[in-house]
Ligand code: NAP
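Below, in structure tokens: the form predicted alone, a single chain.
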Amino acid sequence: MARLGVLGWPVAHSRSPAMHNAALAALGMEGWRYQRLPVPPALFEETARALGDSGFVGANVTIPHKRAALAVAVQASEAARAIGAANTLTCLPDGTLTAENTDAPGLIAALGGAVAGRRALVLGAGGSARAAVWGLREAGASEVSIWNRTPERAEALARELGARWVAAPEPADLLVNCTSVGLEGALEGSGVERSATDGEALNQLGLTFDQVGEYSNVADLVYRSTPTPLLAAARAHGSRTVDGLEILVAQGALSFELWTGRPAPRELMDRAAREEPPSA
């Protein structure tokens, strides 16, 4: 059996197995299977290095392992090196790993034409934020700013990737949430818990409901069974929104094609991801 998976902590909420297994079935790729791989940070390196010997062709990587994924690989794409994080690992015949980052091109593809010449604000400073900042800059954003609840992290990331950090969210043409705020259920070990109200969730992002109206385009990497508080507020203001499932499918399709060499059935993957029931 050729195995694929997603490494994360937590990872029970991931819709990646639903969309990848639907794609594998549609293409008649019997013997292939994609699964969740819950791995705490202390075991990530050991687990990643054992993937090839365990029958894995490759694996996606989600929070909090994206920087560690780059470090464990013996080869990495120029994009992954520039971003400083990877979300896609591929197993070589000798068991070693190569690293790629499909988060950046996946985000830009999901945003469509809403980037070039526009000002962007990224919320967060983790692996997904690194990809977003780099991708937005490479796609021609006129300015990319970063806000994080820990200012030092935002400042360090901005300095590293040629962006600017801000002490509080500022108006922009495009807002991209790369934090876990809004995810259903508590995130073990993330420091962010499910908000009691939509207002509290927006406050965790440094925003108020009225401030969300200052962004004509809003993207949220978080996905869930109902709109996130951020996207709900953006839609109420009439902003164009891109939800986390659109971004998940866009980056996942790129990973699928890298591993299999087959064109990804993106519409099918999108339907499968949206039909997946939330985990208990």
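The structure presented is a predicted model; accordingly, all values stated were derived computationally and were not measured. From 1 onward, residues are counted along the sequence shown.
Keep in mind that the form predicted in complex with this ligand is not shown, yet the notes after this line are about it.
When contacts are defined as a non-hydrogen atom within 4.5 Å, none of 135, 228 and 241 contacts this ligand in the predicted complex. Note on the partner interface in the predicted complex: the residue among 63, 232, 39, 57 having a heavy atom within 4.5 angstroms of this ligand is 63. A heavy atom within 4.5 Å of this ligand in the predicted complex is found for one listed residue only; from 83, 181, 89, 175, this is 181. With a 4.5 Å cutoff on heavy atoms, residue 150 counts as touching this ligand in the predicted complex. Using a 4.5 angstroms limit between non-hydrogen atoms, residue 204 touches this ligand in the predicted complex. Shown alone here, residue 129 lies within 4.5 Å of this ligand in the predicted complex, counting heavy atoms only. At a distance threshold of 4.5 angstroms between non-hydrogen atoms, residue 125 is in contact with this ligand in the predicted complex. The candidate stretches are 246-254, 232-240, 48-56, 31-39, and the one lying within 4.5 Å of this ligand in the predicted complex by heavy atoms is 246-254.
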